[in-house]
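Single chain ahead, by itself, as structure tokens, in the form predicted on its own.
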Amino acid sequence: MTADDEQSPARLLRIALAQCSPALGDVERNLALHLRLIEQARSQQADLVVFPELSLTGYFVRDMTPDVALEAGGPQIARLLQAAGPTALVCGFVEEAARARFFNSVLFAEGGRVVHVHRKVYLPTYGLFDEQRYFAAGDRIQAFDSARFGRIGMLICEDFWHLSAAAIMQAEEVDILLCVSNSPARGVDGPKVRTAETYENLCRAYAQLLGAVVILVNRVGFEDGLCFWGGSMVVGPDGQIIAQAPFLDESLTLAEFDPLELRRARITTPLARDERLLTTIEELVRIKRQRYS
């Protein structure tokens, strides 16, 4: 790298939010939808295209789980990687692992290969949710390094609502925090959707606390009598919304982000620098001993 290269500004990153309405249980139809949106994203020079939670299957798969499950290295995923080409890809799927264990998973692919798979850790089983009956819970919340986007952490829907997951992402020193979700509209009060308000508050708070870009992609459409609100967004490290998809409607929304903004935000508010990780670990160990001894 030359001195001129070091002084040249980083290229803006273009992120495509593929806010879609998957067909329940129809993997082939959803695969075609993904291929179409990937083509559109590439035509708009997107560096990364992000689909929602369980975008290849729909949400309430229930007893269809074994029938719609895929392997991360299977032919359907390979078709998506080929279509994406140089564009990085995030999509949600039911993953089948060893001994017929099924996970609610999201993958990150770059350069034609799957770089990382996150398995949903917190499976909601309350109210209208019943995930623990059909899925195994993941046991890792782990960031990874990408070739073009820095250090990335991925969470799935309910994971995002747990402070422990955000604390781990802070300790992992992520540059981008990705959350894919299937969040239905709950707590509707006139034009306001309480779940949408909560997600926005979490995105803005996490972005500032982590000094990272937060990307949320939520689905739309109706399924099993529920309405999914969409409202996908990209939030900068200053907590400001860079771009947001419409509520309720399918869309491919493009957001541009300057990676240099991460440096500016971290200089202005050096929370990661001042974090006392060892103190946190020691206190958690103390609490564990008190609670479980």
Partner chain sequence: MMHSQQIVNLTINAELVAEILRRFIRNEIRRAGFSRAVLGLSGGLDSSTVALLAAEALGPENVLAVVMPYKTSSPASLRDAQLVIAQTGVRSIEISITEQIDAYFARFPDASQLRLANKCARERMTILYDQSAAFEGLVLGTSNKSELLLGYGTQYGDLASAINPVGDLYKTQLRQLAAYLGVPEPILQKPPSGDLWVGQTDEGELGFTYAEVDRLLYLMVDRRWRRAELIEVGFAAEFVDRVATLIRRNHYKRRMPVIAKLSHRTVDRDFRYARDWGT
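Positions refer to the first chain, counted from 1. Since the model is a prediction, treat every value here as computed from it, not as a measurement.
We do not show the form predicted in complex with its partner chain, though everything after this point is about it.
Practice item. Counting non-hydrogen atoms within 4.5 angstroms of its partner chain in the predicted complex, say which of 248, 242, 70, 31 makes the cut. Key: None of the others qualify; the residue that does is 248.
Check your understanding: Looking at 94, 213, 91, 193, which is the one with a non-hydrogen atom within 4.5 Å of its partner chain in the predicted complex?
Key -> When its partner chain is considered in the predicted complex, the option within 4.5 Å is 193.
Check your understanding: Given that the partner is absent here, does residue 189 sit within 4.5 Å of its partner chain in the predicted complex, heavy atoms only?
Key -> Looking in the predicted complex, residue contacts with its partner chain include residue 189, since a heavy atom lies within 4.5 Å.
Check your understanding: Is residue 24 a contact residue for its partner chain in the predicted complex, using a 4.5 Å heavy atom cut-off?
Key -> Taking the distances in the predicted complex, the answer for residue 24 is yes, it comes within 4.5 Å of its partner chain.
Practice item. Indicate whether its partner chain has at least one heavy atom within 4.5 Å of a heavy atom of residue 222 in the predicted complex. Key: Yes, residue 222 sits close enough to its partner chain in the predicted complex that at least one of its heavy atoms falls within 4.5 Å.
Review point. Does its partner chain come within 4.5 Å of any heavy atom of residue 262 in the predicted complex?
Key: Although its partner chain is absent here, residue 262 would stay clear of it in the predicted complex, with no heavy atoms inside 4.5 Å.
**Study point:** Listed range touching its partner chain, judged in the predicted complex by heavy atoms within 4.5 Å, from 42 to 50, 262 to 270, 233 to 241, 60 to 68
**Key:** Partner-contacting stretch among the options: 60 to 68.
Review point. Are there residues in 105 to 131 with a heavy atom within 4.5 Å of its partner chain in the predicted complex, and which are they, in order?
Key: Only a single residue, 130, comes within 4.5 Å of the partner.
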